[in-house]
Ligand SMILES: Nc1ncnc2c1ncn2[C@@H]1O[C@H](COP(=O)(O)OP(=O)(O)O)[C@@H](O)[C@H]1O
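Shown here is one chain on its own, the form predicted alone, set out as structure tokens.
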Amino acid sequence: MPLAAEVPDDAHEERENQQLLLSKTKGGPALEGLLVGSYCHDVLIRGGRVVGETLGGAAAFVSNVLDAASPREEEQEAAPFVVVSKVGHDFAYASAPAPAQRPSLLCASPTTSFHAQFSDTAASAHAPDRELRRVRACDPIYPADLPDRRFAYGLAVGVAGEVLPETLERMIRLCRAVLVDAQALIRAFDGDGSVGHVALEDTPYARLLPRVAFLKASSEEAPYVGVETARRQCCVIVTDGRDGCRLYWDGGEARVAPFPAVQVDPTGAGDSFLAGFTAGLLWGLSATDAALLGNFFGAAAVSQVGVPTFHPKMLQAVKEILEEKTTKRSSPFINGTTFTFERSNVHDELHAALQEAARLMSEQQQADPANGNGGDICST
């Protein structure tokens, strides 16, 4: 299966691409990524009453995990990736106690906002049963909004229709490999903003699928994606919460075990999974091994409300595990080879080690209940 990014026709562009991708930082190649998707205002409602407001949007959750888990030199303050997102002048988290970590493009329209209505019969205010409604939508992200340079990888992670088909196509031209969240392609919104889905094959995105490296979908989204058709064009990952995830590619498939978590808010779980999975690829893991890291961070996301806060001791443990298990490995984002999909001979060891890190995370959350609020939530 090809790496999926379009090869530029112009030889000069190709040489420029290689030069940028292989440019050196201290200790190794720079792996700069391009993250396209907006920040949001998330309002949590139960029984007709607002019980919390928090920073949301895929850009928030994905950048949070990439900064936490991507390999980088100690001198680097943040992982090397660019976020292209849009917010309005009403954006509440530009300078909040736990702000959006990467700057956004300001536009005249208001910031995208979602209301999450939780079941009245739920056991807690932030129970997993919820209905989403988009109450405001910021301007979409246009191709001209993207930087005019090459990137090792791209993540298209729209939540409110902000990643246009032509924007995704531009990403494919700019990036060596592109990973896409299916919700960016198949979400549809009724007149009242209720979230629904359309079949991927009926959208303008369908023709771009053969040029995408990975497509992530939840188990609820998978029927709209058409896994059996899509797997012949790219690797499809279907997440299924407490049951882990499955990978499907042309000629094979694999199930990847989950990590236990006490779910208090499912928001951002899929985003955090995709970011953890991408970080695993950056470490040089095979796709099936990288999905373990995706499951790990997906579980971490649901255990807190809003953008989660990761304890430094837990992150250090994860980093040490990855440094040990990825010795002498090279990320396909650097070397230009095709991806490896099958599990490696360290898969079970990696799972066991991450299980221990998950236990450590659970203990730390129990010792510090305030961590359950995650990023920056305003209880009302």
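In this text, residue numbers run from 1 along the sequence as written. Quantities reported herein were computed from a predicted structural model and do not represent experimental measurements.
Absent from the display: the form predicted in complex with this ligand. The rest refers to it.
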Looking in the predicted complex, any heavy atom of C245 within 4.5 Å of this ligand? yes
Is the gap between F259 and this ligand in the predicted complex 4.5 Å or less for some heavy atom pair? yes
Against this ligand in the predicted complex, would N295 count as a contact residue? Criterion: heavy atoms within 4.5 Å. yes
Test of understanding: in the predicted complex, would S218 fall inside 4.5 Å of this ligand by heavy atoms? yes
Between L282, A299, C138, A156, only one gets a heavy atom within 4.5 angstroms of this ligand in the predicted complex; which residue is that? A299
Among the candidates Q263, Q233, Q117, Q101, the residue which, in the predicted complex, approaches this ligand to within 4.5 Å (heavy atoms): Q263
To test your reading of this chain, name the stretch in 141-149, 270-278, 83-91, 172-180 whose heavy atoms come within 4.5 Å of this ligand in the predicted complex. 270-278
Could you list which residues of 221-236 come within 4.5 Å of this ligand in the predicted complex, counting heavy atoms only? none
